[in-house]
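In the block that follows, a single chain appears as structure tokens, in the form predicted alone.
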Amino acid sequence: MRIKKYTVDNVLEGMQQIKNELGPDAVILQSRKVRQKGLRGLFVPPKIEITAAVDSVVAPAAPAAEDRIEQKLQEEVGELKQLVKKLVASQQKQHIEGKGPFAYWMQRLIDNDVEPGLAQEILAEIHENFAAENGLADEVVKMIVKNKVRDRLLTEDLPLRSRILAFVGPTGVGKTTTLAKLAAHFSLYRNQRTGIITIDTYRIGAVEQLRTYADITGIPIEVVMTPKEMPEALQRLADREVILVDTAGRNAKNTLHVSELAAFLAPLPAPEIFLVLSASTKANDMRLIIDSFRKVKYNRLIFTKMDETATYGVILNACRQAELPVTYVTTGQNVPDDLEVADAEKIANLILGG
């Protein structure tokens, strides 16, 4: 095995040197910042020292034919990216290991789908505040981490005077079932006159599903086919204290469909618009959904399917990205029982694994 150290100004320069001399199979063993010795080292930026190794060095291949140059360049770029990833992973590991007793909890956050940047931010804040503390008990460390997570979880109860509640989101997250739970809650538990409007005329059986709920609870339901029909439906439900608006699930990638949904909701006076999200949604998809549905001007979040996942970090990610509170979570299909007011303390415990 050949091992060599490189002292360079930046990562890309180092990666290029490693690739040229050791080839794409090189492995990053260590990376660290170093300063020049003497007084000069105090006044110039530190350099990066990278230690790399390779089992055998293969001489660069002879230039390919012209029709293969572009392919060769693409391969080199791909190899360079892989080397950069290895270096970043190595630096991240060193960074975590350097954080002492809190490092375990940072990894715990990442393993529970908290975005690495956010997890690192939380850990850095804790390290800054508690770096001088030595020998903290594990339970104390856990409490510190949990409090930092809890403080970043935005939760807020629904205002008592809220009258119109609309539910939007992607397909399959349980909007209609969530609406039914809240309809029963307002009608049966709060004894409020409740009405339902549905614009979900896309799914087969969607209207019938809501009619079944409405018949059981005695709640009137209006079906709206176009945005122009919305004011008339509201007028027919003028005597209702609470009106719940069901919508069809929309593909977050289809901006036209999301814009159509916004047109349906525009006539609603002072609505509370809930973006309904599944707790089992992947982090990348969650970011797409949150950004795409901003057109409908949602102002609250609901997380469903809390019982169908083992990791809950996406809730923290969503609060950070949307900068909006979570008001409810759902924990099953039972109507109206599997519905809870969002509790930051409880969610923080779930994110940290109990």
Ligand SMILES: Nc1nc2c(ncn2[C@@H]2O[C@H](COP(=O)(O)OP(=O)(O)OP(=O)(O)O)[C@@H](O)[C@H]2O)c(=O)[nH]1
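Heads up: residue numbers just count along the shown sequence, starting at 1. Here the structure is a predicted model, which means the values were calculated and not measured.
Unshown form predicted together with the ligand; subsequent notes refer to it.
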Exercise. Between the options G218, G172, P269, P159, which residue brings a heavy atom to within 4.5 Å of the ligand in the predicted bound form?
Worked result: G172
Problem set entry | One residue of Q192, Q107, S259, Q209 in contact with the ligand, assessed in the predicted bound form (non-hydrogen atom, 4.5 angstroms) | Q209
Problem set entry | Joint contact, E115, N147 and G313 to the ligand in the predicted bound form, by non-hydrogen atom at 4.5 Å | no
For this session: Within 4.5 Å of the ligand in the predicted bound form, counting heavy atoms only, one of 316 to 324, 46 to 54, 301 to 309, 287 to 295 shows up; tell me which.
Result: 301 to 309
Exercise. Is there any non-hydrogen atom of D200 lying within 4.5 Å of the ligand in the predicted bound form?
Worked result: yes
Exercise. Though only this chain appears here, would Q17 touch the ligand in the predicted bound form if you measure heavy atom gaps against 4.5 Å?
Worked result: no
For this session: Decide whether G332 counts as a contact residue for the ligand in the predicted bound form under a heavy atom distance cut-off of 4.5 Å.
Result: yes
For this session: Tell me, yes or no, whether K181 is in contact with the ligand in the predicted bound form, where a contact means a heavy atom of each within 4.5 Å.
Result: yes
